[in-house]
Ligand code: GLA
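Only one chain is included here, represented as structure tokens and corresponding to the form predicted alone.
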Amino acid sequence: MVKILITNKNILTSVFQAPGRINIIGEHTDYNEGLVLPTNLDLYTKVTANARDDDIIQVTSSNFGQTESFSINQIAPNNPPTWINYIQGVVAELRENNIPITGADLVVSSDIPIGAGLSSSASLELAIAHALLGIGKNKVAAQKLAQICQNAETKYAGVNCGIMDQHSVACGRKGQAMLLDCRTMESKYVEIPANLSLIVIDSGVTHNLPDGEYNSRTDECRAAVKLLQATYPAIQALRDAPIKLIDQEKDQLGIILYSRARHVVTEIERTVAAFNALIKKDIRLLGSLISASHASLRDDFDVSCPEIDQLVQIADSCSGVYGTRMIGAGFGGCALSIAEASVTKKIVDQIRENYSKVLESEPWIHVLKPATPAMEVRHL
């Protein structure tokens, strides 16, 4: 780890943090203006921040053991992007919104697995944004800050992401899931029942979102909308198309676009049903919706992989697990199991034992606990 030496003893050091997130259901629906149901994860990106008296942002990553610096007046996207681009993007987008930014020394650390589908990038963006705002004594509404960070990821990291990750990290509530309408940005919250255990298991396969596969799915969804609009001009996004219409236009869409559209439309329906299941505390119904989501992601959206599918089978074979699915963008990352809280330890032990034979090492497993949104933690 590279350490930054603070020579000015009068500088106030502050610590800021932002959680990761899991999406209970509603995968690949956010950029289709659909509905999602995330909750925040009790794993965090933390940023220690000190103001400087020049225009330099110096960032040390404890995880990578690297230090990078740049001028706030000279920021341009790199190709291919690296971890510093996410930070440069946040700085550039804050300034684009006329928010004054000063130079800073930042030390970043995180216990969120990178490339696991747990929003490590959104967590980084929001933690950096809060740090820069905090040391400058500026404030931005949480929803606006989420939009700024989404723009930063799109423009500077090359990921055509929807708003879900940043909005959940910025606006989530402790111990609750958020039903977010990604078109209107209206949200509703529901308590996570005490008898529900959310178990996150890393498949051991790391995804890399800018490598093209994720962006190709967004392109395919747009192509499906364009074809549908020729006959149905009112359709502005896939959320506007009922499943009956998608089935009716199967030949026009072709097998690939039909499958992509079918996943999005049915996933939005499942998301609403899952929110209602949580209201009723019906975790068996929630589990069945989770399983249906995975089948759709695997077969219609084609974003699973053999390791994830095997992990899902292993988890679902455990007594007390009601459903499991891949989470995140896909092509690796983590799976989420919906389980009976009273037998969580037994389930975790069984998954660890059986999936270790696939990985040839012990999988990373995390049982979710209630988490707060991005915020300043303390002064040092």
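In case it trips you up, residue 1 is the first one in the sequence shown, and so on. Only a predicted model underlies this, so the values are computations on that prediction, with no experimental measurement involved.
Omitted from view is the form predicted in complex with this ligand, to which the following refers.
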{"query": "Interface segment, criterion being heavy atoms within 4.5 Å of this ligand in the predicted bound form, picked from 240-248, 227-235, 131-139, 160-168", "finding": "160-168"}
{"query": "Residues His28, Tyr31 and Gly328 all lining this ligand in the predicted bound form, heavy atom within 4.5 Å", "finding": "yes"}
{"query": "Contact of Tyr86 with this ligand in the predicted bound form (heavy atom, 4.5 Å)", "finding": "no"}
{"query": "Contact flag, Phe275 vs this ligand in the predicted bound form, heavy atom cut 4.5 Å", "finding": "no"}
{"query": "Tyr156: touches this ligand in the predicted bound form, heavy atom cutoff 4.5 angstroms", "finding": "no"}
